[in-house]
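Given as C-alpha coordinates, the chain that follows is alone and in the form predicted alone.
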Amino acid sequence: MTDQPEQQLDVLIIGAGPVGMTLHLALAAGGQSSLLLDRRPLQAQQDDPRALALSHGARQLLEQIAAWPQRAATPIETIHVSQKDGFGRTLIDRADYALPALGYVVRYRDLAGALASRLAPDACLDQVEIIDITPGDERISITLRQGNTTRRLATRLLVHAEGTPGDDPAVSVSDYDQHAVIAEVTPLPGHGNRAWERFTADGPLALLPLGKEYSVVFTLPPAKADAVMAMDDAAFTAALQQQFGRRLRFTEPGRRSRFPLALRLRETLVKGREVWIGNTAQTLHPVSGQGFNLGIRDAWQLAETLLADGIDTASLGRYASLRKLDRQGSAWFTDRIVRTFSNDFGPLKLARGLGLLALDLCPPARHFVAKRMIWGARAWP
(Lines give C-alpha, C1' and ligand atoms only; values in the text may rest on other atoms or scores of the structure.)
Protein backbone atom coordinates (compact mmCIF):
# COMPACT_ATOMS: atom_id res chain seq x y z
CA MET A 1 0.00 0.00 0.00
CA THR A 2 1.40 3.39 -1.04
CA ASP A 3 0.93 6.58 0.96
CA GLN A 4 0.85 9.99 -0.70
CA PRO A 5 1.60 13.41 0.85
CA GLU A 6 -1.34 15.25 2.39
CA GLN A 7 -3.21 17.36 -0.19
CA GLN A 8 -4.46 20.81 0.88
CA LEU A 9 -7.92 21.84 -0.36
CA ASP A 10 -10.41 24.65 0.05
CA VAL A 11 -13.64 22.67 -0.48
CA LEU A 12 -14.11 18.90 -0.51
CA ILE A 13 -17.50 17.55 -1.63
CA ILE A 14 -18.43 13.97 -0.70
CA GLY A 15 -20.91 12.75 -3.31
CA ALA A 16 -20.56 13.31 -7.06
CA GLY A 17 -24.26 13.02 -7.82
CA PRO A 18 -26.20 15.87 -9.45
CA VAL A 19 -26.36 17.98 -6.26
CA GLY A 20 -22.65 17.62 -5.52
CA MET A 21 -21.70 18.32 -9.14
CA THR A 22 -23.99 21.37 -9.21
CA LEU A 23 -22.17 22.80 -6.19
CA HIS A 24 -18.76 22.08 -7.73
CA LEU A 25 -19.65 23.74 -11.03
CA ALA A 26 -21.32 26.74 -9.38
CA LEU A 27 -18.19 27.30 -7.26
CA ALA A 28 -15.95 26.90 -10.31
CA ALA A 29 -18.01 29.50 -12.21
CA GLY A 30 -17.14 31.95 -9.44
CA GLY A 31 -13.46 31.05 -9.40
CA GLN A 32 -13.49 28.79 -6.33
CA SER A 33 -11.82 25.38 -6.60
CA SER A 34 -13.26 22.21 -5.06
CA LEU A 35 -12.79 18.45 -5.31
CA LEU A 36 -15.49 15.78 -5.61
CA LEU A 37 -15.29 12.34 -3.99
CA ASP A 38 -17.53 9.36 -4.69
CA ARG A 39 -17.48 5.71 -3.67
CA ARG A 40 -18.87 4.62 -7.03
CA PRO A 41 -17.38 4.97 -10.51
CA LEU A 42 -18.60 8.26 -11.94
CA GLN A 43 -19.78 6.39 -15.03
CA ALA A 44 -22.14 4.26 -12.89
CA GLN A 45 -24.69 7.08 -12.91
CA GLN A 46 -25.28 6.41 -16.59
CA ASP A 47 -27.00 3.16 -15.59
CA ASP A 48 -29.60 4.93 -13.41
CA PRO A 49 -32.98 4.99 -15.23
CA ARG A 50 -34.92 6.97 -12.59
CA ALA A 51 -36.94 10.00 -13.63
CA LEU A 52 -36.54 13.34 -11.86
CA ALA A 53 -39.09 16.16 -11.75
CA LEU A 54 -37.24 19.47 -12.09
CA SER A 55 -38.91 22.84 -11.66
CA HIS A 56 -38.39 25.67 -14.11
CA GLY A 57 -36.45 27.38 -11.34
CA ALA A 58 -33.99 24.44 -11.29
CA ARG A 59 -33.58 24.75 -15.06
CA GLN A 60 -32.71 28.44 -14.67
CA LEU A 61 -29.97 27.57 -12.18
CA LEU A 62 -28.53 24.71 -14.22
CA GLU A 63 -28.47 26.84 -17.37
CA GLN A 64 -26.13 29.25 -15.60
CA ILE A 65 -23.50 26.50 -15.40
CA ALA A 66 -24.26 25.22 -18.94
CA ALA A 67 -25.52 21.89 -17.58
CA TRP A 68 -29.16 21.81 -18.68
CA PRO A 69 -29.96 18.63 -20.70
CA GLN A 70 -32.26 20.38 -23.16
CA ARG A 71 -32.83 17.47 -25.56
CA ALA A 72 -33.53 14.98 -22.77
CA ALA A 73 -36.06 17.11 -20.86
CA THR A 74 -39.81 16.67 -21.34
CA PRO A 75 -41.70 19.88 -20.44
CA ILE A 76 -44.69 19.95 -18.08
CA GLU A 77 -47.08 22.56 -19.42
CA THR A 78 -50.05 21.92 -17.14
CA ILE A 79 -50.60 20.14 -13.83
CA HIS A 80 -54.01 18.67 -12.99
CA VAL A 81 -54.62 18.12 -9.26
CA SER A 82 -57.66 16.16 -8.04
CA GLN A 83 -58.85 13.53 -5.57
CA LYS A 84 -60.23 10.10 -6.34
CA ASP A 85 -63.99 9.66 -5.77
CA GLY A 86 -64.37 13.28 -4.71
CA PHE A 87 -65.16 16.65 -6.21
CA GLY A 88 -62.84 19.61 -6.65
CA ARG A 89 -59.81 20.02 -8.84
CA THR A 90 -57.12 22.58 -9.63
CA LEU A 91 -55.40 23.19 -12.96
CA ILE A 92 -52.04 24.97 -13.01
CA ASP A 93 -51.01 26.27 -16.44
CA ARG A 94 -47.57 27.51 -17.50
CA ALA A 95 -49.27 30.24 -19.61
CA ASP A 96 -50.32 32.00 -16.39
CA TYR A 97 -46.65 32.63 -15.60
CA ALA A 98 -45.36 33.35 -19.13
CA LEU A 99 -43.03 30.36 -18.85
CA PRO A 100 -42.13 27.73 -21.46
CA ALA A 101 -42.97 25.08 -18.84
CA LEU A 102 -43.83 24.73 -15.16
CA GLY A 103 -41.20 22.03 -14.86
CA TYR A 104 -39.50 19.20 -16.68
CA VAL A 105 -39.04 15.45 -16.36
CA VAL A 106 -35.50 14.23 -16.95
CA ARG A 107 -33.86 10.87 -16.45
CA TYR A 108 -31.29 10.88 -13.66
CA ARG A 109 -28.64 9.57 -16.04
CA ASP A 110 -29.22 12.40 -18.53
CA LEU A 111 -28.93 15.12 -15.90
CA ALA A 112 -25.87 13.45 -14.36
CA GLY A 113 -24.32 13.15 -17.82
CA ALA A 114 -24.90 16.83 -18.61
CA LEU A 115 -23.25 17.86 -15.34
CA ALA A 116 -20.36 15.38 -15.68
CA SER A 117 -19.61 16.67 -19.18
CA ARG A 118 -18.73 20.04 -17.62
CA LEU A 119 -16.22 18.61 -15.13
CA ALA A 120 -12.50 19.03 -15.57
CA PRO A 121 -10.55 15.73 -15.82
CA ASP A 122 -9.17 16.10 -12.28
CA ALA A 123 -12.42 17.31 -10.67
CA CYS A 124 -13.42 13.98 -9.10
CA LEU A 125 -11.82 11.10 -7.24
CA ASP A 126 -14.16 8.15 -7.68
CA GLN A 127 -14.18 4.59 -6.34
CA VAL A 128 -12.84 5.81 -2.99
CA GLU A 129 -13.47 4.53 0.52
CA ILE A 130 -13.38 7.10 3.30
CA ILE A 131 -11.51 5.63 6.26
CA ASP A 132 -11.50 8.54 8.69
CA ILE A 133 -12.72 12.13 9.10
CA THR A 134 -11.04 14.22 11.81
CA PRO A 135 -12.43 17.72 12.41
CA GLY A 136 -10.09 20.58 13.31
CA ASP A 137 -10.39 24.29 14.00
CA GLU A 138 -8.92 25.43 10.67
CA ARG A 139 -9.10 22.29 8.53
CA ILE A 140 -10.71 18.85 8.46
CA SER A 141 -8.46 15.86 7.80
CA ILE A 142 -9.76 13.00 5.67
CA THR A 143 -8.08 9.65 5.11
CA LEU A 144 -9.30 7.64 2.15
CA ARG A 145 -8.38 4.58 0.16
CA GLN A 146 -8.45 4.45 -3.63
CA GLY A 147 -7.44 1.05 -4.94
CA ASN A 148 -4.17 0.17 -3.22
CA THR A 149 -3.37 3.78 -2.38
CA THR A 150 -4.06 5.59 0.88
CA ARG A 151 -4.50 9.34 0.52
CA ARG A 152 -4.76 12.11 3.07
CA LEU A 153 -6.62 15.34 2.40
CA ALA A 154 -6.99 18.47 4.50
CA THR A 155 -9.84 20.82 3.62
CA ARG A 156 -11.16 24.13 4.90
CA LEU A 157 -14.71 22.98 4.23
CA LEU A 158 -16.24 19.48 3.98
CA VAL A 159 -19.59 19.25 2.18
CA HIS A 160 -21.73 16.13 2.57
CA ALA A 161 -23.80 15.48 -0.57
CA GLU A 162 -23.66 11.68 -0.62
CA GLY A 163 -27.39 10.94 -0.55
CA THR A 164 -30.01 9.71 1.89
CA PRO A 165 -28.40 9.02 5.29
CA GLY A 166 -28.72 5.72 7.10
CA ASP A 167 -29.18 5.59 10.85
CA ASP A 168 -27.96 8.96 12.07
CA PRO A 169 -28.98 10.43 15.45
CA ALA A 170 -28.75 13.93 13.94
CA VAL A 171 -31.57 13.11 11.48
CA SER A 172 -35.20 12.92 12.60
CA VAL A 173 -37.29 10.36 10.71
CA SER A 174 -41.06 10.32 10.26
CA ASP A 175 -42.22 7.17 8.46
CA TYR A 176 -45.25 7.61 6.20
CA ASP A 177 -45.99 3.86 6.14
CA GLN A 178 -46.11 4.17 2.36
CA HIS A 179 -44.01 2.80 -0.48
CA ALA A 180 -43.60 4.34 -3.92
CA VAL A 181 -43.92 1.92 -6.82
CA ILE A 182 -42.20 3.39 -9.88
CA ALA A 183 -42.86 2.41 -13.48
CA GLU A 184 -43.36 3.83 -16.95
CA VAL A 185 -46.52 3.38 -18.99
CA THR A 186 -47.75 4.53 -22.38
CA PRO A 187 -50.89 6.75 -22.22
CA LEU A 188 -53.67 6.58 -24.79
CA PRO A 189 -54.13 9.14 -26.16
CA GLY A 190 -50.79 10.95 -25.62
CA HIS A 191 -50.02 12.94 -22.48
CA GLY A 192 -50.10 16.41 -24.09
CA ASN A 193 -47.36 17.50 -21.65
CA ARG A 194 -49.79 17.36 -18.73
CA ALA A 195 -48.77 16.03 -15.31
CA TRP A 196 -51.37 14.58 -12.97
CA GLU A 197 -51.40 14.54 -9.17
CA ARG A 198 -54.27 12.27 -8.11
CA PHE A 199 -54.90 11.88 -4.37
CA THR A 200 -56.28 8.55 -3.18
CA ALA A 201 -56.93 6.99 0.22
CA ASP A 202 -53.76 4.90 -0.26
CA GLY A 203 -51.56 7.91 -1.09
CA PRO A 204 -50.79 10.25 -3.99
CA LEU A 205 -50.59 8.95 -7.55
CA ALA A 206 -48.38 11.07 -9.84
CA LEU A 207 -48.08 10.81 -13.62
CA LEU A 208 -45.17 12.75 -15.12
CA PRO A 209 -44.68 13.10 -18.90
CA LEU A 210 -41.38 11.56 -20.01
CA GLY A 211 -40.79 11.29 -23.73
CA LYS A 212 -43.94 9.65 -25.08
CA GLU A 213 -44.60 7.82 -21.81
CA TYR A 214 -45.68 8.66 -18.30
CA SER A 215 -43.36 8.08 -15.38
CA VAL A 216 -45.70 6.80 -12.67
CA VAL A 217 -45.20 7.25 -8.92
CA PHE A 218 -47.80 4.92 -7.39
CA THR A 219 -47.93 5.48 -3.62
CA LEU A 220 -49.35 2.61 -1.55
CA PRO A 221 -49.24 1.04 1.92
CA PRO A 222 -46.46 -1.59 2.10
CA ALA A 223 -48.78 -4.62 1.82
CA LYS A 224 -50.51 -3.22 -1.26
CA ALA A 225 -47.14 -2.32 -2.74
CA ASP A 226 -46.12 -5.98 -2.27
CA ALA A 227 -49.21 -7.05 -4.19
CA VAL A 228 -48.70 -4.53 -6.99
CA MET A 229 -45.07 -5.54 -7.42
CA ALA A 230 -46.14 -9.19 -7.77
CA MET A 231 -48.77 -8.49 -10.47
CA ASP A 232 -48.32 -9.31 -14.11
CA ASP A 233 -48.43 -6.39 -16.55
CA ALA A 234 -52.15 -6.69 -17.27
CA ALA A 235 -53.09 -6.71 -13.58
CA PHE A 236 -50.75 -3.80 -12.85
CA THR A 237 -52.28 -1.74 -15.64
CA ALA A 238 -55.76 -2.51 -14.30
CA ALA A 239 -54.76 -1.48 -10.77
CA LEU A 240 -53.30 1.77 -12.07
CA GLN A 241 -56.40 2.40 -14.15
CA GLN A 242 -58.64 1.80 -11.13
CA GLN A 243 -56.75 4.37 -9.05
CA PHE A 244 -56.51 6.97 -11.79
CA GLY A 245 -59.91 6.75 -13.45
CA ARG A 246 -60.95 6.68 -17.08
CA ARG A 247 -59.69 9.98 -18.49
CA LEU A 248 -56.73 8.14 -19.98
CA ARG A 249 -55.96 4.53 -20.82
CA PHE A 250 -52.61 2.94 -20.08
CA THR A 251 -50.66 0.27 -21.88
CA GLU A 252 -47.17 -1.22 -22.17
CA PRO A 253 -46.03 -0.91 -18.55
CA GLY A 254 -42.28 -1.12 -18.05
CA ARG A 255 -40.16 -2.55 -15.28
CA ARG A 256 -41.29 -1.71 -11.74
CA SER A 257 -39.23 -0.72 -8.71
CA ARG A 258 -40.14 0.48 -5.22
CA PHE A 259 -38.78 2.34 -2.21
CA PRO A 260 -40.13 3.25 1.25
CA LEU A 261 -41.16 6.83 1.99
CA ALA A 262 -40.25 8.92 5.01
CA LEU A 263 -39.56 12.51 5.94
CA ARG A 264 -35.94 12.87 7.07
CA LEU A 265 -34.72 16.20 8.41
CA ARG A 266 -31.24 16.96 9.69
CA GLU A 267 -31.69 19.29 12.61
CA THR A 268 -28.36 21.11 12.12
CA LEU A 269 -27.05 21.81 8.62
CA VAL A 270 -23.66 23.04 9.81
CA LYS A 271 -21.25 21.63 12.36
CA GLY A 272 -17.86 23.32 12.59
CA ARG A 273 -16.44 23.19 9.07
CA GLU A 274 -18.89 20.55 7.82
CA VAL A 275 -22.14 21.25 5.97
CA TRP A 276 -24.89 18.94 4.69
CA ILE A 277 -26.86 19.54 1.46
CA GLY A 278 -29.40 17.69 -0.68
CA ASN A 279 -30.73 14.35 0.56
CA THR A 280 -28.19 14.28 3.38
CA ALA A 281 -29.91 17.39 4.75
CA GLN A 282 -33.51 16.45 4.02
CA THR A 283 -35.43 13.73 2.21
CA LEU A 284 -39.05 14.57 1.38
CA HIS A 285 -42.07 12.63 0.18
CA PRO A 286 -42.14 12.71 -3.66
CA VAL A 287 -45.57 14.40 -3.73
CA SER A 288 -45.30 17.70 -5.68
CA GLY A 289 -41.74 16.80 -6.68
CA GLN A 290 -39.98 19.19 -4.30
CA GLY A 291 -37.15 17.12 -2.82
CA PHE A 292 -34.58 17.13 -5.62
CA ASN A 293 -35.29 20.77 -6.47
CA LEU A 294 -34.66 21.65 -2.85
CA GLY A 295 -31.26 19.94 -3.08
CA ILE A 296 -30.32 21.95 -6.18
CA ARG A 297 -31.27 25.13 -4.33
CA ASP A 298 -29.14 24.01 -1.36
CA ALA A 299 -26.11 23.70 -3.63
CA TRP A 300 -26.73 27.01 -5.34
CA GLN A 301 -27.27 28.92 -2.09
CA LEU A 302 -24.11 27.46 -0.58
CA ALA A 303 -22.06 28.43 -3.64
CA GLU A 304 -23.46 31.96 -3.59
CA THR A 305 -22.72 32.33 0.12
CA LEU A 306 -19.16 31.01 -0.07
CA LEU A 307 -18.33 33.12 -3.13
CA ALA A 308 -19.71 36.26 -1.49
CA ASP A 309 -18.50 35.79 2.09
CA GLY A 310 -15.55 33.40 1.89
CA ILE A 311 -14.99 30.02 3.54
CA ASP A 312 -15.34 30.41 7.29
CA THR A 313 -17.70 29.42 10.08
CA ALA A 314 -19.52 32.76 9.96
CA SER A 315 -20.46 32.30 6.30
CA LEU A 316 -21.62 28.74 7.03
CA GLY A 317 -23.85 30.04 9.81
CA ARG A 318 -25.31 32.55 7.38
CA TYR A 319 -25.93 29.78 4.87
CA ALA A 320 -27.83 27.70 7.44
CA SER A 321 -29.97 30.71 8.30
CA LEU A 322 -30.73 31.45 4.65
CA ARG A 323 -31.84 27.86 4.00
CA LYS A 324 -34.22 27.68 6.97
CA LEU A 325 -37.35 29.07 5.30
CA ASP A 326 -36.99 27.03 2.11
CA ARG A 327 -36.26 23.75 3.92
CA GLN A 328 -38.92 24.06 6.59
CA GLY A 329 -41.52 25.45 4.18
CA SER A 330 -40.99 22.66 1.63
CA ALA A 331 -40.96 19.94 4.29
CA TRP A 332 -44.11 21.30 5.95
CA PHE A 333 -45.91 21.71 2.61
CA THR A 334 -45.26 18.16 1.39
CA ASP A 335 -45.89 16.62 4.81
CA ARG A 336 -49.25 18.38 5.23
CA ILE A 337 -50.35 17.35 1.74
CA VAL A 338 -49.56 13.69 2.37
CA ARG A 339 -51.20 13.55 5.78
CA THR A 340 -54.26 15.55 4.72
CA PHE A 341 -54.98 13.68 1.50
CA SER A 342 -53.96 10.08 2.29
CA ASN A 343 -57.25 9.00 3.88
CA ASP A 344 -60.92 8.53 3.07
CA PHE A 345 -62.43 10.41 6.04
CA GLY A 346 -65.70 11.95 4.77
CA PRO A 347 -65.62 15.45 6.35
CA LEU A 348 -61.94 15.88 5.47
CA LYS A 349 -62.62 14.72 1.93
CA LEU A 350 -65.27 17.42 1.62
CA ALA A 351 -62.84 20.02 2.97
CA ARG A 352 -60.18 18.89 0.51
CA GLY A 353 -62.58 19.25 -2.39
CA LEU A 354 -63.54 22.75 -1.29
CA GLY A 355 -59.86 23.63 -0.96
CA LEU A 356 -59.04 22.41 -4.48
CA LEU A 357 -62.05 24.27 -5.85
CA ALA A 358 -61.03 27.45 -4.03
CA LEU A 359 -57.50 27.24 -5.48
CA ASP A 360 -58.94 26.85 -8.96
CA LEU A 361 -61.35 29.78 -8.59
CA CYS A 362 -58.91 32.10 -6.79
CA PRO A 363 -55.93 32.88 -9.04
CA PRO A 364 -53.87 34.73 -6.36
CA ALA A 365 -54.00 31.67 -4.07
CA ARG A 366 -53.17 29.31 -6.92
CA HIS A 367 -50.29 31.53 -8.05
CA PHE A 368 -48.93 31.67 -4.49
CA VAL A 369 -48.70 27.86 -4.39
CA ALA A 370 -47.43 27.49 -7.97
CA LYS A 371 -44.64 30.06 -7.68
CA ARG A 372 -43.24 28.40 -4.58
CA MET A 373 -43.30 25.05 -6.33
CA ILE A 374 -41.38 26.62 -9.23
CA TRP A 375 -38.85 28.75 -7.33
CA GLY A 376 -39.06 27.73 -3.66
CA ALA A 377 -38.25 30.43 -1.12
CA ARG A 378 -36.77 32.54 -3.93
CA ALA A 379 -40.38 33.40 -4.82
CA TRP A 380 -40.91 35.19 -1.50
CA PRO A 381 -42.47 37.57 -0.69
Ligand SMILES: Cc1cc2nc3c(=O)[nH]c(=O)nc-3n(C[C@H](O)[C@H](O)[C@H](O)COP(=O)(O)OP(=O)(O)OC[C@H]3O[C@@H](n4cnc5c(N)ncnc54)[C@H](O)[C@@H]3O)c2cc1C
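Just count from 1 along the sequence shown to find any residue number. This structure is a prediction, so every number in the text was calculated from the model and none was measured.
This protein has a second form, the form predicted in complex with the ligand, left out of what is shown; the following refers to that one.
Although the partner is absent here, residue 286 is a contact residue: one of its heavy atoms lies within 4.5 angstroms of the ligand in the predicted complex. In the predicted complex, the ligand sits within 4.5 Å of a heavy atom belonging to residue 14. Heavy atoms of residue 250 never reach within 4.5 Å of the ligand in the predicted complex, leaving it off the interface. The ligand is not shown here, but in the predicted complex it comes within 4.5 Å of a heavy atom of residue 45. In summary, the region of this chain contacting the ligand in the predicted complex, judged by heavy atoms within 4.5 Å and restricted to 292-300, 241-249, 262-270, 141-149, corresponds to 292-300.
Site annotation in the predicted complex: the residue of 26, 338, 37, 61 reaching within 4.5 Å of the ligand with a heavy atom is 37. For the residues 51, 320, 331, 65, the 4.5 Å heavy atom test against the ligand in the predicted complex is passed only by 51.
Using a 4.5 Å cut-off on any heavy atom, the one residue of 114-136 that reaches the ligand in the predicted complex is 130.
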